[in-house]
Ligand SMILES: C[S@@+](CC[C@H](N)C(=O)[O-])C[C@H]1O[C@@H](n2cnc3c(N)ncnc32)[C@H](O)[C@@H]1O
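Only one chain comes next, encoded as structure tokens, the form predicted alone.
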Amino acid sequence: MKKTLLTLVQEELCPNGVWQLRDTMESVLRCQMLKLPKKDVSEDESRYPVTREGMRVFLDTFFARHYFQTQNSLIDYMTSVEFLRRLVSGKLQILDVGCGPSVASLAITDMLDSILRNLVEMDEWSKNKTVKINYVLNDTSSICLGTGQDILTDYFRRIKRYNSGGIFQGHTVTIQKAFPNNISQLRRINLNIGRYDIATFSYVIVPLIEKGGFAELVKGLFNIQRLCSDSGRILILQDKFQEQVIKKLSKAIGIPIHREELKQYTYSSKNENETYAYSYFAGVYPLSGVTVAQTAVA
């Protein structure tokens, strides 16, 4: 029986329907946590860290959850013919709004590494052909931006050590000014590195509405869509407790944002070997034109 690229990547990242970190990413996460002081912090600080102590709790509690949600939401698109054709250019531009410690960027990067490895095995990608990934990281917390850069650097250092030639780190630009007040900066970067292929808004919708207002957020999302490539996608993630906000946003931008289910291994120091199932909201758009790759192997 032949297996599609989607199936092969799912079997590697989500065996038996349970999402888990690959060895390299798990090592990077554990190493980063060991660098940070362990101390109890407030719930708000654990979700939106501005201190080293808060970052340790975020990595322990929320990193894997947001990481898997990104992969689960984008796996169909990233294994599609449309996305694979985009990779032929040898470049990928990621805009990560509300990046925290580069969670969505890392999730996309590691899944891309899995995709290219499988394509090489299928003789559909030359093992010498590389993809340069450029990152635009946006967060108002300096500890988030600093940690995100550190984790990305460590990740690429480790995969280079294991002779992975498929991807390499290009430019990484950080912006500490809050979205959408930074739209002029995002436009300038767009002109320098190219249109964004994937733009993520992970658990940042509610804070942005609280600070800048709903209308400004919607306007900003429309502006981002204009800065994306023709085959690009925008991802919105939010927890299940913000259903009314998500329904309002979905109606305003004219994009369906669905409740999704996910089962994962936990990576908390207290529950290392347990699994956890939960629901969340996810929207990926534009939605037209995606055809899942039919590339298959025996």
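The first residue of the shown sequence is 1; numbering continues from there. Keep in mind that what you see is a predicted model, and the values were worked out from it rather than measured.
Another form, the form predicted in complex with the ligand, is not on view; read the next lines as being about it.
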Testing 95-103, 113-121, 185-193, 80-88 against the ligand in the predicted complex with a 4.5 Å heavy atom criterion leaves exactly one stretch, namely 95-103
If the cut-off is 4.5 angstroms on heavy atoms, which of these, V136, A199, I108, C144, is the one near the ligand in the predicted complex? C144
Exactly one of K248, R47, R30, R52 has a non-hydrogen atom within 4.5 Å of the ligand in the predicted complex; which residue is it? R47
Please tell me whether any heavy atom belonging to G170 falls inside 4.5 Å of a heavy atom of the ligand, as the geometry stands in the predicted complex. no
Do R56 and the ligand share at least one heavy atom pair within 4.5 Å in the predicted complex? no
Would T140 sit within 4.5 Å of the ligand in the predicted complex, counting heavy atoms only? yes
Give a yes/no on whether K211 approaches the ligand to within 4.5 Å in the predicted complex, heavy atoms considered. yes
All three of P256, F281 and Y285 touching the ligand in the predicted complex at 4.5 Å, heavy atom to heavy atom? no
Could you list which residues of 182-208 come within 4.5 Å of the ligand in the predicted complex, counting heavy atoms only? S202, Y203, V204, P207, L208
